[in-house]
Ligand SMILES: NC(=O)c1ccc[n+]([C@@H]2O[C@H](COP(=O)([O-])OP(=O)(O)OC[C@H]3O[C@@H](n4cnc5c(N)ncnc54)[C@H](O)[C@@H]3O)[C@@H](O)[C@H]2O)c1
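Taking the form predicted alone, here's one chain by itself in structure tokens.
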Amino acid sequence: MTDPRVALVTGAAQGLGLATARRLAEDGLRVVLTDVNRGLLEASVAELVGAGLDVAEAVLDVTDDASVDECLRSLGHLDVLVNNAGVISRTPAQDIDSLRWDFEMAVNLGGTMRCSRAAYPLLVRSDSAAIVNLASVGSTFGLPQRLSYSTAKTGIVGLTRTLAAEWGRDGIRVNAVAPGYIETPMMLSGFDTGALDREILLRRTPLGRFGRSEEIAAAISFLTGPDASFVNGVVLEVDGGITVDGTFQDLSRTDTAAR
């Protein structure tokens, strides 16, 4: 019997990261959940262990080179890296604080780079190596009051394509998933602050609903699995169609304008 593939998921204590860790473990991988929040991480790992899944935990600060390098060196073997850790703030662009800008860039974009860089020596030895980065609808269109978040997520698209072009020759596939509006604590906080309008979002999403964390996890499962063995450098939009919808009129009206 061969050993299971090993995956590491950052920001895995809740939301998309936890759903992804659960899905990959259900797929038969041994999953290392990492997060900077030790208490929340331990509770989430205990939940997955209680479900009979093969998981472990490691406290990881993706903004810190030493923390990232130590965590990755301790693994010994790695086949899959999911760069999910992320933070967001909402403020008008003209009022953005430089320290907050630096922090969001360090987590969202810098963390993706650091973890990928540290994982390379392990992934290059795997015969089924895959990285999946978390982009966003903010990689496609501008998100008002989320300047640093949108900038970082757009940077992740460039990072993904560059690593795919460079590391693909080493047998490491690098892809990204760009979620739309998914029912996670991060998105729901936007409703609480008034930064997001539920009805507008639902009206702008052709499928007419918000996504579920499990649907993002399923896309990541595909990109890290054998069915995607020739998929490299793509950004898979899992957003209910919001980034392709060009509808800017009331479709309930029955009259037609002269052409």
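The shown structure was predicted, so the numbers you read here are calculated from the model rather than taken from an experiment. Position 1 is the first residue in the sequence shown; the rest follow in order.
Below, we refer to the form predicted in complex with the named molecule, which is not included among the displayed structures.
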- Residue within 4.5 Å of the named molecule in the predicted complex by heavy atom, from 116, 136, 175, 148, is 136
- So which of 186, 75, 157, 164 reaches within 4.5 angstroms of the named molecule in the predicted complex, heavy atom to heavy atom? 186
- Message: Quick check for you: of 117-125, 164-172, 77-85, 93-101, which stretch puts a non-hydrogen atom within 4.5 Å of the named molecule in the predicted complex?
- Response: 77-85
- Query: Is residue 107 close enough to touch the named molecule in the predicted complex, meaning at least one heavy atom pair within 4.5 Å?
  - Reply: yes
- Is residue 25 close enough to touch the named molecule in the predicted complex, meaning at least one heavy atom pair within 4.5 Å? no
- Message: With a cut-off of 4.5 Å between heavy atoms, is residue 21 one of the residues that contacts the named molecule in the predicted complex?
- Response: no
- Item | residue 232 within 4.5 Å of the named molecule in the predicted complex, heavy atoms | no
- Check all three, 35, 61 and 182, heavy atom within 4.5 Å of the named molecule in the predicted complex: yes
